[in-house]
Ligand SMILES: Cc1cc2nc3c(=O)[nH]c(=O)nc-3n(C[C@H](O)[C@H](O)[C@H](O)COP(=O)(O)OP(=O)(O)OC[C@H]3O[C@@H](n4cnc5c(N)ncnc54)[C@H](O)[C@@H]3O)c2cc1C
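In the block that follows, a single chain appears as structure tokens, in the form predicted alone.
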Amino acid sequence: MIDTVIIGGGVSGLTVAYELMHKGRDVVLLERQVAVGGNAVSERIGGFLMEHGPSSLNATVESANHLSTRLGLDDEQVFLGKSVKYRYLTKGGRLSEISTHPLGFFTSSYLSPRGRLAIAAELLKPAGRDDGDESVDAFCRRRFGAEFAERVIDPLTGGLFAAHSSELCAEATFPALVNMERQYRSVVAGAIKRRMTGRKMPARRLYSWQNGIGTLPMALSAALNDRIRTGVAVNRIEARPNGFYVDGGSAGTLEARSVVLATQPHVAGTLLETIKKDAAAAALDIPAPPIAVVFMGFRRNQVAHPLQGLGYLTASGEDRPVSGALFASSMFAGRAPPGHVAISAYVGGSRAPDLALQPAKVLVDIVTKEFRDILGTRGEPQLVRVRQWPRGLPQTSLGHQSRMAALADAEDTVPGLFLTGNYFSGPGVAACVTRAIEAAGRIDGYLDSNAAAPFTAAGQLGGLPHRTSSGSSRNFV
């Protein structure tokens, strides 16, 4: 008899389990892979640090900061390096540097005088009609003009979501911008208001930990210890009058009063088919095109570019195979040995899904040529690693709001069912933590309100890999 089964051992599932554990709940987390963490994987390689997935958190999100403090990780935090002075965008095969100052786009020649005037004119434009699904591209064209939409927003969505801005829902992707228009009639007016209240721009408030983003799932896993079962693939979930039956195949079965799906959307969709078919269809309809990360380490004197920024992004119109890159060693200290630099390139997404699945050698050749053209690299890199994700970031494509409504309805109509993950509030680690903590609060309330519910005899998980505090495994009996 357990309170909650959590399916999925990424940051979202681990955070839900951690929060419920501290509320005194009996929880078990099931993860089909041999290790937890999802795509939050950090790897030390000969003095370099490669992030296989996300690379930073937004420090303005208090829930994530509080979790770091509770886990005792604050002393390990690292913030953006002082060398991060610019944002870079490609234009005509070259990088244009734009100051990170709020007026950076006005002082840079990246946009034409007409394009910069269109941004200023946004203050004078009336608010649009709230008439349903509007793409990010359409929203930004309407507010800021075609040049800003094509030269700034398109590369931004390519970098953040590996997607075309014309495919993404504005309200689901950039809700803050849409809300600024609704509240202040103007996005620029809303941004000025934000600035006046002393809130710093997110790009200046990014952080990580000394050993990377993987520090967070490792700390959560250590705290949860024997509540985690790895190597368990859940085949089926059934909703029953007093809870849920969870079939782990050869690993055994469990019954629980509540169940949390903290998986990728396609896995959640498959598991929902026996519970709520319309919600299953909604989850399965969320695209997550493949993406590849190509990590390279160079001696500093091999790279001509000063690398004084987070990295660079590329508009679709530039017709380049790499959608963007992060200057990892400029962002945070300890990402490369002394006298060296580390750079990660991103290939694929909805822009070039087939390219992300090419052999690693092909991807290395593509990125090597890209870095020579864009960054002026010379010779062969000192280190190369490739990570290919067959399913990349879930995308908030047009129709996303209706899909979220179907999933919310499933939570409302199936007692004890809860969902969380990076397809709800955005793929950022901090956003996932926030959603997971909120879900844990709702689960705790549900369990309180159903404390007296009778429970049938339950099966138990047998022979499951069981994580110990040392990180080794044994069988769970």
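For clarity, every value in this text was computed on a predicted model and none was experimentally measured. Numbering starts at 1 and runs along the sequence shown.
The same protein also has a form predicted in complex with the ligand, omitted here; what follows describes it.
- The listed set 366, 267, 168, 307 contains one residue whose heavy atoms approach the ligand in the model of the complex to within 4.5 Å, identified as 267.
- Out of the listed residues 86, 174, 244, 346, 346 is the one that sits within 4.5 Å of the ligand in the model of the complex by at least one heavy atom.
- Picking from 443-451, 64-72, 32-40, 408-416 the stretch near the ligand in the model of the complex, with a 4.5 Å limit on heavy atoms, gives 32-40.
- A residue is said to contact a partner when one of its heavy atoms sits within 4.5 Å of a partner heavy atom; residue 325 fails this definition for the ligand in the model of the complex, lying far away.
- Using a 4.5 Å cutoff between non-hydrogen atoms, residue 263 counts as a contact of the ligand in the model of the complex.
- A residue is said to contact a partner when one of its heavy atoms sits within 4.5 Å of a partner heavy atom; residue 254 fails this definition for the ligand in the model of the complex, lying far away.
- For the chain shown alone, residue 233 is a contact residue for the ligand in the model of the complex, at least one non-hydrogen atom being within 4.5 angstroms.
- Applying a 4.5 Å heavy atom cutoff to the ligand in the model of the complex picks out 7, 8, 9, 10, 11, 12, 13 from 1-18, in order along the sequence.
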